[in-house]
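Quick setup: one chain, the form predicted on its own, written in C-alpha coordinates, and binding and motion questions come after.
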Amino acid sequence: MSEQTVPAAAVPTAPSRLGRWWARADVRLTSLVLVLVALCVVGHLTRPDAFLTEGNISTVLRLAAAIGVVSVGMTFVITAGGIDLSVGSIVALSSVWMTTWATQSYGVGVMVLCALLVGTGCGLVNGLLVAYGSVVPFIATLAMMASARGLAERISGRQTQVVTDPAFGAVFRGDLLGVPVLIWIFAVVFAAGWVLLNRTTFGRRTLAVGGNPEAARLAGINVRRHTALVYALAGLCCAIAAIMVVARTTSGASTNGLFYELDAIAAVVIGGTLLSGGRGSMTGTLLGVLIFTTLSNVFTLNNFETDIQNIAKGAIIVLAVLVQARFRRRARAA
(Lines give C-alpha, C1' and ligand atoms only; values in the text may rest on other atoms or scores of the structure.)
Protein backbone atom coordinates (compact mmCIF):
# COMPACT_ATOMS: atom_id res chain seq x y z
CA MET A 1 0.00 0.00 0.00
CA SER A 2 1.47 3.16 -1.11
CA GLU A 3 1.76 6.04 1.29
CA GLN A 4 -0.21 9.15 0.53
CA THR A 5 1.36 12.46 1.27
CA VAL A 6 -0.81 15.11 2.78
CA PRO A 7 -0.06 18.53 1.29
CA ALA A 8 1.18 20.96 3.82
CA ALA A 9 -1.18 23.73 4.75
CA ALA A 10 -0.47 26.90 2.89
CA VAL A 11 1.44 29.20 5.13
CA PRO A 12 0.86 32.85 4.33
CA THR A 13 4.06 34.63 3.59
CA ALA A 14 4.74 38.12 4.75
CA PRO A 15 4.48 40.63 1.92
CA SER A 16 7.67 42.21 0.78
CA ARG A 17 8.53 45.80 1.62
CA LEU A 18 7.52 46.81 -1.91
CA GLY A 19 4.25 44.93 -1.52
CA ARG A 20 3.45 46.67 1.78
CA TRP A 21 4.26 50.04 0.23
CA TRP A 22 2.01 49.30 -2.76
CA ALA A 23 -0.82 48.18 -0.47
CA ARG A 24 -0.65 51.45 1.45
CA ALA A 25 -0.24 53.64 -1.60
CA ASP A 26 -3.13 55.29 -3.36
CA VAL A 27 -3.07 53.47 -6.69
CA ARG A 28 -4.79 56.30 -8.52
CA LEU A 29 -2.35 58.97 -7.32
CA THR A 30 0.59 56.66 -7.89
CA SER A 31 -0.58 56.12 -11.45
CA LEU A 32 -0.73 59.88 -11.98
CA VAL A 33 2.83 60.25 -10.71
CA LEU A 34 3.97 57.53 -13.12
CA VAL A 35 2.22 59.29 -16.02
CA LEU A 36 3.96 62.55 -15.08
CA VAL A 37 7.33 60.82 -14.94
CA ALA A 38 6.65 59.16 -18.31
CA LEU A 39 5.84 62.56 -19.86
CA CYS A 40 9.10 63.98 -18.49
CA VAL A 41 11.00 61.05 -20.02
CA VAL A 42 9.30 61.61 -23.38
CA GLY A 43 10.06 65.34 -23.19
CA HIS A 44 13.71 64.69 -22.41
CA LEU A 45 14.08 62.08 -25.16
CA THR A 46 12.43 64.23 -27.84
CA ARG A 47 14.07 67.52 -26.84
CA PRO A 48 17.16 66.73 -24.76
CA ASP A 49 18.53 70.19 -25.50
CA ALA A 50 15.55 72.10 -24.12
CA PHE A 51 13.22 70.13 -21.83
CA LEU A 52 15.21 69.77 -18.62
CA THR A 53 16.78 73.21 -18.73
CA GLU A 54 16.29 75.60 -15.83
CA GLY A 55 14.48 78.11 -18.02
CA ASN A 56 12.00 75.56 -19.39
CA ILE A 57 11.23 74.10 -15.96
CA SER A 58 10.64 77.60 -14.62
CA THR A 59 8.31 78.32 -17.57
CA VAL A 60 6.32 75.13 -16.95
CA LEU A 61 5.90 75.93 -13.26
CA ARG A 62 4.87 79.54 -13.95
CA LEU A 63 2.25 78.36 -16.46
CA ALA A 64 1.04 75.67 -14.07
CA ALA A 65 0.68 78.21 -11.27
CA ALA A 66 -2.21 80.21 -12.79
CA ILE A 67 -4.04 77.13 -14.11
CA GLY A 68 -3.44 75.45 -10.77
CA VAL A 69 -5.12 78.24 -8.82
CA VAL A 70 -8.16 78.11 -11.13
CA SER A 71 -8.23 74.32 -10.75
CA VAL A 72 -8.33 74.59 -6.95
CA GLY A 73 -11.60 76.52 -7.22
CA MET A 74 -12.89 74.15 -9.89
CA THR A 75 -12.22 71.19 -7.55
CA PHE A 76 -14.65 72.63 -5.00
CA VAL A 77 -17.32 73.31 -7.65
CA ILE A 78 -17.16 69.82 -9.16
CA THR A 79 -16.95 68.14 -5.76
CA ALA A 80 -20.16 69.97 -4.85
CA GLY A 81 -21.82 68.49 -7.92
CA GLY A 82 -21.55 71.54 -10.22
CA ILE A 83 -19.49 72.73 -13.15
CA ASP A 84 -18.08 76.15 -14.05
CA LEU A 85 -17.51 76.99 -17.71
CA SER A 86 -16.87 80.67 -17.03
CA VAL A 87 -13.51 80.54 -15.25
CA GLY A 88 -11.49 81.62 -18.31
CA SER A 89 -13.78 84.57 -19.00
CA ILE A 90 -13.71 85.64 -15.34
CA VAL A 91 -9.91 85.62 -15.51
CA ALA A 92 -10.09 87.86 -18.60
CA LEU A 93 -12.60 90.28 -17.06
CA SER A 94 -10.68 90.52 -13.78
CA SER A 95 -7.39 91.18 -15.57
CA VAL A 96 -8.90 93.84 -17.84
CA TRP A 97 -10.70 95.50 -14.95
CA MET A 98 -7.56 95.75 -12.84
CA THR A 99 -5.49 97.24 -15.69
CA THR A 100 -8.09 99.56 -17.18
CA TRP A 101 -10.78 100.79 -14.84
CA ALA A 102 -8.64 100.55 -11.75
CA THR A 103 -6.40 103.43 -12.73
CA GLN A 104 -2.88 102.22 -12.30
CA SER A 105 -1.88 105.44 -10.60
CA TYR A 106 -3.90 104.30 -7.58
CA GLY A 107 -1.27 101.68 -6.89
CA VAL A 108 -0.88 97.95 -6.60
CA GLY A 109 -3.32 97.59 -3.71
CA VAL A 110 -6.26 99.06 -5.66
CA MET A 111 -5.48 96.94 -8.72
CA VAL A 112 -5.38 93.75 -6.68
CA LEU A 113 -8.52 94.67 -4.74
CA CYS A 114 -10.46 95.39 -7.95
CA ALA A 115 -9.49 92.04 -9.43
CA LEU A 116 -10.53 90.18 -6.27
CA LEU A 117 -13.89 91.98 -6.10
CA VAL A 118 -14.70 91.41 -9.78
CA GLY A 119 -13.73 87.73 -9.74
CA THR A 120 -15.51 86.94 -6.49
CA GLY A 121 -18.57 88.89 -7.62
CA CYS A 122 -18.83 86.95 -10.89
CA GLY A 123 -18.49 83.67 -9.01
CA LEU A 124 -21.17 84.74 -6.54
CA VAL A 125 -23.56 85.59 -9.39
CA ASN A 126 -22.99 82.09 -10.76
CA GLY A 127 -23.71 80.62 -7.34
CA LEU A 128 -26.89 82.65 -6.81
CA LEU A 129 -28.22 81.67 -10.23
CA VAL A 130 -27.56 77.99 -9.54
CA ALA A 131 -28.60 77.87 -5.88
CA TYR A 132 -31.51 80.31 -5.69
CA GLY A 133 -32.49 80.66 -9.35
CA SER A 134 -32.52 76.90 -9.92
CA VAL A 135 -30.58 77.42 -13.16
CA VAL A 136 -28.64 74.39 -14.34
CA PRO A 137 -24.90 75.01 -13.61
CA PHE A 138 -23.99 74.37 -17.24
CA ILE A 139 -26.39 77.09 -18.47
CA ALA A 140 -25.64 79.61 -15.71
CA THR A 141 -21.89 79.46 -16.16
CA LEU A 142 -22.21 79.32 -19.96
CA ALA A 143 -24.09 82.62 -19.80
CA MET A 144 -21.41 84.07 -17.52
CA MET A 145 -18.71 82.83 -19.90
CA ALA A 146 -20.21 84.79 -22.78
CA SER A 147 -21.11 87.87 -20.73
CA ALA A 148 -17.79 88.22 -18.91
CA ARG A 149 -15.76 87.79 -22.11
CA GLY A 150 -17.96 90.30 -23.92
CA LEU A 151 -17.71 92.80 -21.06
CA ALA A 152 -13.93 92.42 -21.02
CA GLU A 153 -13.82 93.21 -24.76
CA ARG A 154 -16.13 96.19 -24.24
CA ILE A 155 -14.08 97.66 -21.40
CA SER A 156 -10.72 97.20 -23.07
CA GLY A 157 -11.85 98.03 -26.60
CA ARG A 158 -10.07 94.79 -27.54
CA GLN A 159 -6.80 96.54 -26.77
CA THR A 160 -4.07 95.12 -24.57
CA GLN A 161 -3.62 97.21 -21.42
CA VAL A 162 0.01 97.30 -20.32
CA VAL A 163 0.79 97.67 -16.63
CA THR A 164 2.84 100.81 -16.12
CA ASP A 165 3.20 100.71 -12.34
CA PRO A 166 6.74 99.40 -11.65
CA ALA A 167 5.71 98.45 -8.11
CA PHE A 168 3.36 95.77 -9.51
CA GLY A 169 6.21 94.00 -11.25
CA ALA A 170 8.45 94.40 -8.24
CA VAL A 171 5.88 92.62 -6.04
CA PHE A 172 4.71 89.79 -8.30
CA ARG A 173 7.54 89.16 -10.77
CA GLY A 174 10.34 88.71 -8.27
CA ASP A 175 11.72 85.69 -6.42
CA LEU A 176 11.43 84.68 -2.78
CA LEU A 177 14.15 82.34 -1.46
CA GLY A 178 15.11 81.66 -5.08
CA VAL A 179 11.57 80.59 -6.06
CA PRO A 180 9.32 82.82 -8.22
CA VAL A 181 6.59 84.59 -6.27
CA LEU A 182 3.94 83.16 -8.62
CA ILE A 183 4.86 79.63 -7.57
CA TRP A 184 4.68 80.65 -3.91
CA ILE A 185 1.18 82.02 -4.49
CA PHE A 186 0.09 78.74 -6.09
CA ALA A 187 1.61 76.77 -3.21
CA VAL A 188 -0.26 78.86 -0.64
CA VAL A 189 -3.58 78.60 -2.52
CA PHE A 190 -3.16 74.84 -2.98
CA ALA A 191 -2.31 74.32 0.72
CA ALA A 192 -5.30 76.42 1.77
CA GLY A 193 -7.55 74.50 -0.61
CA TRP A 194 -6.29 71.14 0.67
CA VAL A 195 -6.91 72.12 4.30
CA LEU A 196 -10.32 73.60 3.48
CA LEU A 197 -11.46 70.46 1.63
CA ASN A 198 -9.99 67.82 3.93
CA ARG A 199 -9.84 69.32 7.41
CA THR A 200 -12.77 71.72 7.81
CA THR A 201 -16.54 71.65 8.13
CA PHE A 202 -16.76 73.58 4.86
CA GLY A 203 -15.01 70.73 3.05
CA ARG A 204 -17.19 68.04 4.64
CA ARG A 205 -20.30 69.98 3.68
CA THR A 206 -19.01 70.33 0.11
CA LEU A 207 -18.61 66.55 -0.12
CA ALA A 208 -22.06 66.01 1.40
CA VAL A 209 -23.78 68.46 -0.96
CA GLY A 210 -22.12 66.87 -3.96
CA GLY A 211 -22.84 63.33 -2.82
CA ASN A 212 -26.54 63.74 -1.98
CA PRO A 213 -28.03 67.25 -1.75
CA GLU A 214 -31.30 66.06 -0.21
CA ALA A 215 -29.53 64.06 2.49
CA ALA A 216 -27.29 67.07 3.16
CA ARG A 217 -30.38 69.27 3.56
CA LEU A 218 -31.98 66.81 5.97
CA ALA A 219 -28.70 66.79 7.93
CA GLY A 220 -29.08 70.50 8.53
CA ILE A 221 -26.83 71.92 5.83
CA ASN A 222 -28.06 75.04 4.06
CA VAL A 223 -27.44 73.60 0.61
CA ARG A 224 -28.33 76.75 -1.32
CA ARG A 225 -26.07 79.03 0.71
CA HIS A 226 -23.23 76.54 0.60
CA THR A 227 -23.54 76.15 -3.18
CA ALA A 228 -23.40 79.93 -3.63
CA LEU A 229 -20.29 80.12 -1.44
CA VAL A 230 -18.56 77.37 -3.43
CA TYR A 231 -19.04 79.27 -6.70
CA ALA A 232 -17.90 82.51 -5.05
CA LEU A 233 -14.76 80.69 -3.91
CA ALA A 234 -14.15 79.57 -7.49
CA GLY A 235 -14.52 83.19 -8.62
CA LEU A 236 -12.00 84.30 -6.00
CA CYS A 237 -9.51 81.74 -7.35
CA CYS A 238 -10.09 83.11 -10.87
CA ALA A 239 -9.30 86.62 -9.61
CA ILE A 240 -6.04 85.43 -8.03
CA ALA A 241 -5.17 83.68 -11.30
CA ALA A 242 -5.90 86.92 -13.19
CA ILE A 243 -3.41 88.78 -11.01
CA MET A 244 -0.85 86.06 -11.73
CA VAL A 245 -1.49 86.23 -15.48
CA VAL A 246 -1.07 90.01 -15.49
CA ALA A 247 2.11 89.62 -13.45
CA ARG A 248 3.49 87.10 -15.96
CA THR A 249 2.51 88.98 -19.11
CA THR A 250 2.57 92.54 -17.69
CA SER A 251 -0.73 93.20 -19.45
CA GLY A 252 -4.46 92.74 -19.18
CA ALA A 253 -6.41 91.62 -22.25
CA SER A 254 -9.80 90.21 -23.12
CA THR A 255 -8.04 87.16 -24.53
CA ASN A 256 -6.52 86.21 -21.18
CA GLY A 257 -7.72 82.91 -19.78
CA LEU A 258 -8.72 81.34 -23.11
CA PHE A 259 -9.44 77.60 -22.66
CA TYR A 260 -8.72 77.79 -18.93
CA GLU A 261 -12.06 76.06 -18.33
CA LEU A 262 -10.91 73.15 -20.49
CA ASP A 263 -7.57 72.83 -18.71
CA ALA A 264 -9.06 73.20 -15.23
CA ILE A 265 -11.87 70.68 -15.77
CA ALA A 266 -9.42 68.24 -17.34
CA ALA A 267 -6.95 68.56 -14.47
CA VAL A 268 -9.68 68.07 -11.86
CA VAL A 269 -11.26 65.06 -13.59
CA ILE A 270 -7.93 63.38 -14.24
CA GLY A 271 -7.04 63.98 -10.61
CA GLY A 272 -9.90 61.75 -9.53
CA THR A 273 -12.63 64.22 -8.57
CA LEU A 274 -15.97 62.77 -9.63
CA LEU A 275 -17.88 64.81 -12.23
CA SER A 276 -21.07 63.69 -10.49
CA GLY A 277 -19.85 65.19 -7.21
CA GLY A 278 -19.32 63.76 -3.74
CA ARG A 279 -15.62 63.00 -4.04
CA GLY A 280 -12.72 65.40 -4.53
CA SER A 281 -8.96 65.18 -4.39
CA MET A 282 -6.85 68.31 -4.17
CA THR A 283 -3.62 66.30 -4.49
CA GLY A 284 -5.01 64.64 -7.61
CA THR A 285 -5.83 68.07 -9.02
CA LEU A 286 -2.23 69.19 -8.44
CA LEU A 287 -0.92 66.17 -10.34
CA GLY A 288 -3.49 66.74 -13.09
CA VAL A 289 -2.32 70.33 -13.51
CA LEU A 290 1.32 69.27 -13.73
CA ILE A 291 0.48 66.52 -16.24
CA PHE A 292 -1.45 68.87 -18.52
CA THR A 293 1.10 71.65 -18.32
CA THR A 294 3.95 69.24 -19.03
CA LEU A 295 1.98 67.71 -21.90
CA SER A 296 1.45 71.15 -23.44
CA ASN A 297 5.12 71.97 -22.97
CA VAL A 298 6.20 68.75 -24.70
CA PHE A 299 3.83 69.50 -27.59
CA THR A 300 5.11 73.06 -27.88
CA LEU A 301 8.77 72.05 -27.81
CA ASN A 302 8.09 69.55 -30.59
CA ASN A 303 6.21 72.16 -32.68
CA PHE A 304 2.77 70.55 -32.50
CA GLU A 305 -0.04 72.85 -33.59
CA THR A 306 -2.43 74.23 -30.96
CA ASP A 307 -5.40 72.38 -32.46
CA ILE A 308 -3.56 69.08 -32.04
CA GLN A 309 -2.97 69.94 -28.38
CA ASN A 310 -6.67 70.70 -27.86
CA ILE A 311 -7.70 67.45 -29.57
CA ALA A 312 -5.35 65.51 -27.29
CA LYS A 313 -6.71 67.29 -24.20
CA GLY A 314 -10.29 66.56 -25.23
CA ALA A 315 -9.47 62.91 -25.79
CA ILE A 316 -7.83 62.70 -22.36
CA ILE A 317 -10.92 64.19 -20.70
CA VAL A 318 -13.19 61.66 -22.42
CA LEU A 319 -10.85 58.83 -21.40
CA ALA A 320 -10.81 60.01 -17.78
CA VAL A 321 -14.62 60.19 -17.67
CA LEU A 322 -14.92 56.69 -19.15
CA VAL A 323 -12.49 55.37 -16.53
CA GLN A 324 -14.52 57.06 -13.78
CA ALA A 325 -17.74 55.51 -15.10
CA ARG A 326 -16.11 52.07 -15.17
CA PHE A 327 -14.92 52.38 -11.57
CA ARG A 328 -18.40 53.53 -10.46
CA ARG A 329 -20.04 50.51 -12.08
CA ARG A 330 -17.56 48.20 -10.36
CA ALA A 331 -18.17 49.88 -7.01
CA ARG A 332 -21.95 49.48 -7.37
CA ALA A 333 -21.58 45.84 -8.37
CA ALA A 334 -19.32 45.05 -5.39
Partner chain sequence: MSALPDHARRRFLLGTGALGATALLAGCVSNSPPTQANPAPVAAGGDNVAPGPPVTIGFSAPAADHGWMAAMTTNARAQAERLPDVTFRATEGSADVNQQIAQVETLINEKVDVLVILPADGKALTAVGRRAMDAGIPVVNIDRVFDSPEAYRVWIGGDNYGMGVNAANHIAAELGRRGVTSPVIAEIAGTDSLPLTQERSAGFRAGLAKHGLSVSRRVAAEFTVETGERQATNLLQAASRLDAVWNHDDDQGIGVLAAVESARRNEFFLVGGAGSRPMMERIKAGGSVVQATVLYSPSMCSSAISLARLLGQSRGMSDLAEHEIPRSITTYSAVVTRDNVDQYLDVGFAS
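Numbering follows the first chain given and starts at 1. This is a predicted model, so every value here is computed, not measured. If you superpose the two forms and keep the largest set of C-alpha atoms that fall within 1.5 Å, you have the rigid core.
Below, we turn to the form predicted in complex with its partner chain, even though it does not appear here.
Trainee: Look at the stretches 133 to 141, 226 to 234, 245 to 253, 203 to 211 and give the one with heavy atoms within 4.5 Å of its partner chain in the predicted bound form.
Mentor: Going through the listed ranges, the match is 245 to 253.
Trainee: Please run the contact check for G82 against its partner chain in the predicted bound form: heavy atoms, 4.5 angstroms, yes or no?
Mentor: Close contact is absent here: in the predicted bound form, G82 is far from its partner chain, nothing within 4.5 Å, heavy atoms only.
Trainee: Does its partner chain come within 4.5 Å of any heavy atom of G55 in the predicted bound form?
Mentor: Yes, contact at 4.5 Å.
Trainee: Taking heavy atoms only, is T283 within 4.5 angstroms of its partner chain in the predicted bound form?
Mentor: No, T283 sits far enough from its partner chain in the predicted bound form that none of its heavy atoms falls within 4.5 Å.
Trainee: Given that the partner is absent here, does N198 sit within 4.5 Å of its partner chain in the predicted bound form, heavy atoms only?
Mentor: Although its partner chain is absent here, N198 would stay clear of it in the predicted bound form, with no heavy atoms inside 4.5 Å.
Trainee: Would you mind picking the one in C40, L301, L29, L275 that has a heavy atom within 4.5 Å of its partner chain in the predicted bound form?
Mentor: Filtering the options by heavy-atom distance leaves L301.
Trainee: Going by heavy atom distances of 4.5 angstroms or less, which of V171, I155, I221, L128 would be at the interface with its partner chain in the predicted bound form?
Mentor: By the 4.5 Å heavy-atom cutoff, the listed residue in contact is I155.
Trainee: What residues, if any, in 159 to 187 have a non-hydrogen atom within 4.5 angstroms of its partner chain in the predicted bound form?
Mentor: Contacts from 159 to 187: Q159, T160, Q161, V162, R173.
Trainee: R47: with the rigid core matched between this form and the one not shown, does its Cα shift 2 Å or more?
Mentor: True for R47: a C-alpha shift of 2 Å or more.
Trainee: Superposing on the rigid core, is the CA of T283 displaced by 2 Å or more between this form and the one not shown?
Mentor: False for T283: its C-alpha shift is below 2 Å.
Trainee: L301: after superposing the rigid core, is there a C-alpha shift of 2 Å or more between this form and the one not shown?
Mentor: The answer is yes; the displacement is at least 2 Å.
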